[in-house]
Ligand code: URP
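So this first bit is one chain, no partners, the form predicted on its own, shown in structure tokens.
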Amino acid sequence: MPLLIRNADIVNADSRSHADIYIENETITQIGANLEAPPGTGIIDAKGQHVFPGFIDPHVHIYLPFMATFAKDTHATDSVAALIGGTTTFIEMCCPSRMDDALAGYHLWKSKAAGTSACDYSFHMSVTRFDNTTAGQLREIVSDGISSFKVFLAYKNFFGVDDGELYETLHLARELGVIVTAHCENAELVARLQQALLAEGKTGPQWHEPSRPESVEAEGTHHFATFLENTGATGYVVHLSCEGALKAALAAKERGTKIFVESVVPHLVLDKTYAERPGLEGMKHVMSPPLRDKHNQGVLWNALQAGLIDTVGTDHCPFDQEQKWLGKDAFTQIPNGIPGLEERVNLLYTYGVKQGLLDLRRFVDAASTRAAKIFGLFPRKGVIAVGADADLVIYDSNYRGTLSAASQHTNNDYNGFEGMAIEGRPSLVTVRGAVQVRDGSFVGDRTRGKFLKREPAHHVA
């Protein structure tokens, strides 16, 4: 059914205007004043609310075997949670371990999402080893519509690659026009620091951050940037958490290195004191890179507003309380991750836009448009324009609420942002013109989501 949205306050990354939006056959076909509504058209009045392009989370984990357990969510639950939070597209990390076959892993991850997602999705393909079969497999995966890889400079002997494998991955990526995302730490340093702390009897969650200090993340970011500089590849630093790592990335950018930077919501609104709480409460907030000293938050917000940090994702990774308790005897056994896919947009709006730390258009840019451009989804996604997919978020800035596990839709028994107030939420969300969410409730098609094929860019806008 065609859809007409009247009185829209349209907020794009580069413009703001008031107009009507007409949608037909999954696409925005007209934008203008006082548009006519043909018979049979559904009409929605957006007066008094913002209308944003559908938000894009560039960094989520849904199906994930990790640390002797599995993440709790499924695409059926996570896609609904995403939509209720205003995210209409996400890019999942496909993460087979070093022991697994990459191509088989890719097809496994795709099978977990197929026919079960309510929103659109794609993947970053992790390269966790590089042997004589890897290049051929990666070429096949790229030909299937994947235009981004992922490497880990962490998790030694499980996900982590050595320098030779990193070089080969970047060399191939440059040839194929693929961007390489990277978890930037130093696997050897982390392993040695963990061993030293445990040997001293320092086993609680408060020792997770000292085992992966800011200097290690800064070194990993510099290391990755050096390899980008000497291979000519394009890179993207995921979940950058601290001032030292940011300085390393920006120094590389000033030298002409093609490098983009992502922060994630937990590092913007939480600090390391959450993970320093005793027992299970601290374990809930263990992620990598860890939550940092609070002074980093101001640095990250300032860089985000200035566009020096390009995007905001979540690193959504849901492990429940029983799984977190696996680390009761050693912080190294705590499954890493804080869920955030449902909360990201509302937290960014509340603690960024409403606090005057982020202007409205940069909010759209950071949470939607720039991810679409970097990862080959623009102009289908990330913009309200004629010809774009009709992924829209009508946003009620007058809503007031509190985040809680009791009301969340993520399949997890705790909320990492429990008790935090929010100011604003989506009142209506569409995916390619179909209404999927109304007033905080899912009302749509649970299988509407589709796999998005992305062409290698050979350059990044």
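None of these values were measured; they are calculated from a predicted model. One-based numbering along the sequence shown.
There is also a form predicted in complex with ligand URP; it is not shown, and the following applies to it.
**Q** Does any heavy atom of Met287 come within 4.5 Å of a heavy atom of ligand URP in the model of the complex?
**A** Heavy-atom contact with ligand URP at 4.5 Å: present for Met287.
**Q** Using heavy atoms and a 4.5 Å limit, would one call Ala81 a contact residue for ligand URP in the model of the complex?
**A** So Ala81 does not count as contacting ligand URP.
**Q** With a cut-off of 4.5 Å between heavy atoms, is Tyr399 one of the residues that contacts ligand URP in the model of the complex?
**A** No, Tyr399 sits far enough from ligand URP in the model of the complex that none of its heavy atoms falls within 4.5 Å.
**Q** So in the model of the complex, does any heavy atom of His61 sit within 4.5 Å of ligand URP?
**A** Yes.
**Q** Please identify the residue among Leu348, Ala275, Ile141, Cys317 with any heavy atom within 4.5 Å of ligand URP in the model of the complex.
**A** Flagged contact: Cys317.
**Q** Just one of His239, Lys373, His124, His75 has a heavy atom within 4.5 angstroms of ligand URP in the model of the complex, so which one?
**A** Answer to the contact question: His239.
**Q** Taking 4.5 angstroms as the heavy atom distance cut-off, pick the stretch from 252-260, 222-230, 106-114, 151-159 that is near ligand URP in the model of the complex.
**A** Looking at the other structure, the answer is 151-159.
**Q** Is any part of 166-187 within 4.5 angstroms of ligand URP in the model of the complex by a non-hydrogen atom, and which residues would that be?
**A** Sequence-ordered list has one entry, His183.
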